[in-house]
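One chain comes next, on its own, written as structure tokens: the form predicted alone.
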């Protein structure tokens, strides 16, 4: 049986409670847990490059993810959508998402909870250099996910993340804000869904907190409270930033129980119909 206190130290639990996030270095085994996912991605990119006659190296996962994928979307950006949908169906990815260790981590951070794994709340992000339309701007996880107010984001990279690749940025301690109302704005970029949500009085709220941007390598795990403000950094490097995200939530949370643990955008649900109190008149109405 996994010992929660071994997986998440008392110091990490305290940091999570105080700052709304913590990082567990080398939590996953880079070879046993991550490499099979990278290999699955390589195979998918090899198949798609063959399908679309894209001449790009797919002999290694590194080449496939950093050279073949950019070559594929340079020829047709829509083909990136095929990659995005396909990679989340790699069995090794699903095995990582549902590892017993993840459940133990959630229980350590949420003692007495009844954990759930958010359906549709797991995927592999590919953040391309200079691509703003799909970058996740400052947000809380809850409006875009729902399920329960008491939730935790699991974030882990598939490639080493350097400063110029735009590491995830976190406003430490910002979960103290509680649930922040949101409004919709396509930002002139055609943003839709969760990408088009903006927090009420965002700059004013963010100014209260220190911003951190941990650099990570495959195997490292960042954990964030559903109410912690965070965003995807600006990727100004020459390669895409590949990362895994999934969410666990608490069935016993009163708000989650009230809404029937309903999902949000990924579940095809307009969150403003479920919790209209999340919508503000500031900016454009949601």
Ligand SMILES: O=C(O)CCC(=O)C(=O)O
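Positions refer to the first chain, counted from 1. Owing to the predicted nature of the structure, the values given are computational and were not obtained by experimental measurement.
Not pictured, yet referred to below: the form predicted together with the named molecule.
- Figure note: of the listed segments 79-87, 177-185, 153-161, 109-117, the one touching the named molecule in the predicted bound form, with heavy atoms no more than 4.5 Å away, is 153-161.
- Although the partner is absent here, residue 212 sits far enough away that none of its heavy atoms falls within 4.5 Å of the named molecule in the predicted bound form.
- The named molecule in the predicted bound form is approached by residue 232, whose closest heavy atom lies within 4.5 angstroms of it.
- Contact annotation: residue 136 falls within 4.5 Å of the named molecule in the predicted bound form, judged by heavy atom distances.
- Taking the partner from elsewhere, residue 63 is found to have every heavy atom lying beyond 4.5 Å of the named molecule in the predicted bound form.
- Of the residues 243, 38, 250, 58, just one reaches the named molecule in the predicted bound form with a heavy atom at 4.5 Å or closer; this is 243.
- Applying a 4.5 Å heavy atom cutoff to the named molecule in the predicted bound form picks out 125, 127, 136, 139, 141 from 122-148, in order along the sequence.
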